[in-house]
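Okay, so here's just one chain, in structure tokens, the form predicted on its own.
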């Protein structure tokens, strides 16, 4: 492929798979949360539509399909729209908190629209666009260089840190009553620091790959813990219509998995670039 030292199909497929997982997390989580909000604002359907389209386009690329010509342009438009929808949602969520009595307080952050949730759609859109560009053989995404993998590594590190910060806020709300609630606020930041260091220095440390792999596993383990938490609510799964809404949110932890997989794709690019 022109523009790259050597073909990056595997990296593109990894990143696309990670983007699809993040989009799936957004679709399920936003679907539940916005249903709880009775879709009071008509724009609340947009992240559902955007993430659903992202899942279709990213899954195809992850499975090895080619996105060229009109199909590729349509897929890139979907990813760009998701970044815009996520940014708008971030603004709506901040406004929702600020208009509450007391404004930006811990209580309002805990119990109103989660600030970081729309950012997940922005992450999915960015990762999807990156995977699409790499799959087409491009060495850049706009002004951002892709071939070395360092830009992507830095972005994935930032996304991991933000996702972990959100988990820290909501697990603090839960008073860390289960010791395992500390894991997502300890392991992903280690992976983020290792990945960030790789992005800055251009060299991959020994801990980076294991930390990202552990973070990827953690995402699915977290979903299982959250499912167990739902079962402990009054009525358990027999009262699933209510208990799925009151949480803990089962679809949220797999975002860690998606971002970590994209980070592994960045490491693959960095190793190939170093060899090339």
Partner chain sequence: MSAEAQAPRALNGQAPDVFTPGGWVPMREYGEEEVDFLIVGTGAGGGTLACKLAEAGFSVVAMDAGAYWRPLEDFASDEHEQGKLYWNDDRIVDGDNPLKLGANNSGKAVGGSTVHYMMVSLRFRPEWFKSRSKLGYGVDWPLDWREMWTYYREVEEALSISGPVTYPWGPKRPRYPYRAHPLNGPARYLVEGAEKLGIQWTETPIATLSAPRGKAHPCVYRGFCMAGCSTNAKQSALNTWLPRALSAGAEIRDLAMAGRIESREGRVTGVHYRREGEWRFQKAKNVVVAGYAVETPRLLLNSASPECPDGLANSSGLVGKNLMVHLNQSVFGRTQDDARFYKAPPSLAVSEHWNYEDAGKDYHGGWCYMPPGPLAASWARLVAGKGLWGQDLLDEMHRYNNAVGLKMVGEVLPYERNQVTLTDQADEYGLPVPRITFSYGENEQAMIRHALGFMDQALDVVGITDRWQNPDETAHLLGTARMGSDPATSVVDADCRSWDIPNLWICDGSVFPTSGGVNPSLTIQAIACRTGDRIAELARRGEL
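Positions refer to the first chain, counted from 1. Quick caveat, the model's predicted, so the values are computed rather than measured.
Omitted from view is the form predicted in complex with the partner chain, to which the following refers.
Undergrad: Considering 175, 74, 186, 200, which brings a non-hydrogen atom within 4.5 Å of the partner chain in the model of the complex?
TA: It is 175 that has a heavy atom within 4.5 Å of the partner.
Undergrad: What is the one choice in 234, 224, 63, 56 with a heavy atom within 4.5 Å of the partner chain in the model of the complex?
TA: Result of the distance check: 234.
Undergrad: With the partner left out here, check for me: in the model of the complex, does some heavy atom of residue 92 sit within 4.5 Å of the partner chain?
TA: Flag for residue 92 set to no.
Undergrad: Counting only non-hydrogen atoms and a 4.5 angstroms cut-off, does residue 111 reach the partner chain in the model of the complex?
TA: Residue 111: yes, in contact with the partner chain in the model of the complex.
Undergrad: Give a yes/no on whether residue 107 approaches the partner chain to within 4.5 Å in the model of the complex, heavy atoms considered.
TA: Looking in the model of the complex, residue contacts with the partner chain include residue 107, since a heavy atom lies within 4.5 Å.
Undergrad: Check whether residue 145 has any heavy atom within 4.5 Å of a heavy atom of the partner chain in the model of the complex, and answer yes or no.
TA: No, residue 145 is distant from the partner.
Undergrad: If contact means any heavy atom within 4.5 Å, which of 97-105, 78-86, 155-163, 130-138 contacts the partner chain in the model of the complex?
TA: Single hit among the candidates: 97-105.
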